[in-house]
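One chain comes next, on its own, written as structure tokens: the form predicted alone.
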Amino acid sequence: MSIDFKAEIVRLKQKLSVTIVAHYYQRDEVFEMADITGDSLELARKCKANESEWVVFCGVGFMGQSVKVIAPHKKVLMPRIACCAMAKMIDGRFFDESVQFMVDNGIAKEDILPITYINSDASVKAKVGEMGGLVCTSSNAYKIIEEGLKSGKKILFVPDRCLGQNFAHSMGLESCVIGDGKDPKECDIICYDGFCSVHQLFSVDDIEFYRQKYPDILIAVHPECDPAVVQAADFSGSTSQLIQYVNGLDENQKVAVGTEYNLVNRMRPKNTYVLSSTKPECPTMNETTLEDLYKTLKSIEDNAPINEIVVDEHTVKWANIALERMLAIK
């Protein structure tokens, strides 16, 4: 007999002390079952304030970790512990090698302030915390970098080179990417060579195509896009900022949006276009299915929870310190 996963999920939600959380990039049928939706850090903070015993997080691995770091007492399960490709581009060893690169190029370790994008493993956040650094999001990176520069130190920005370069450009700062041949001593922000594969799909050619087809169109992109794309756009902002921007436009104003497909598809239905000739869908964000969600909730009911997120005490301590340093900046 086939199972009505949606009906079973509703039943289990009513029975269990559980909150289902879904990132904006999740597929529609999963997103619609969530009690809390939003962007990564926003979700972690809402989970901390939530009173449910269990959190079932539909997203990618570092997001579930963020809940455990901010709220270690929470029991966090993930229907799929999917891998964010960008977060997997850096680990503790690569972070240490990046610090050593700067030291080898004449920058003393005590003169380095690391900042990690929230799209990183908890172990990297902990390394950053131990060096006196802090976390940022795409919403607050400008403010975090601005505050960090007051220290007089060189910023090591990991793991997204595009985010680091884009905010450096917007602030009139010099940036480089490790391995690009530039002298890091001459730069304010030294970026690790990581990136989001989805946001790399958008190009200046895509922008030119839409501008030729619709001369009055506006272009809005995420700052994880290539710097050339961000500089050619009319607006660049985080997921929540993109939603706010598009929702604030007149319904007759055409806009092409450069970010993950599921989010764009849920924006206003009229005059909103995806800034790509291909479907910019995050493969790992789309791994989670209704069946996965049902099985995870059923495992709680059966007292045999699956895919629980566990983070060791040392990592929780220092990753949380890095996050708290960010949250202290208003």
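Fair warning: this is a prediction, and the values are worked out from it, not measured in the lab. Numbers follow the displayed sequence, beginning with 1.
Separately, the form predicted together with 1,3-dihydroxyacetonephosphate (13P) exists; it is not shown, and the next lines address it.
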4.5 Å heavy atom contact, Phe167 to 1,3-dihydroxyacetonephosphate (13P) in the predicted bound form: no
Partner proximity in the predicted bound form: Asp292 to 1,3-dihydroxyacetonephosphate (13P), non-hydrogen atom cutoff 4.5 Å: no
Residue contact check: Ser238 to 1,3-dihydroxyacetonephosphate (13P) in the predicted bound form, 4.5 Å heavy atom: yes
4.5 Å heavy atom contact, Tyr25 to 1,3-dihydroxyacetonephosphate (13P) in the predicted bound form: yes
Triplet Asn119, Ser138 and Glu224 all within 4.5 Å of 1,3-dihydroxyacetonephosphate (13P) in the predicted bound form via a heavy atom: yes
Sole residue of Gln65, Ser40, Thr288, Thr296 within 4.5 Å of 1,3-dihydroxyacetonephosphate (13P) in the predicted bound form, by heavy atom: Ser40
Interface segment, criterion being heavy atoms within 4.5 Å of 1,3-dihydroxyacetonephosphate (13P) in the predicted bound form, picked from 48 to 56, 270 to 278, 32 to 40, 299 to 307: 32 to 40
Any residue of 178 to 210 that, in the predicted bound form, places a heavy atom within 4.5 Å of 1,3-dihydroxyacetonephosphate (13P): His199
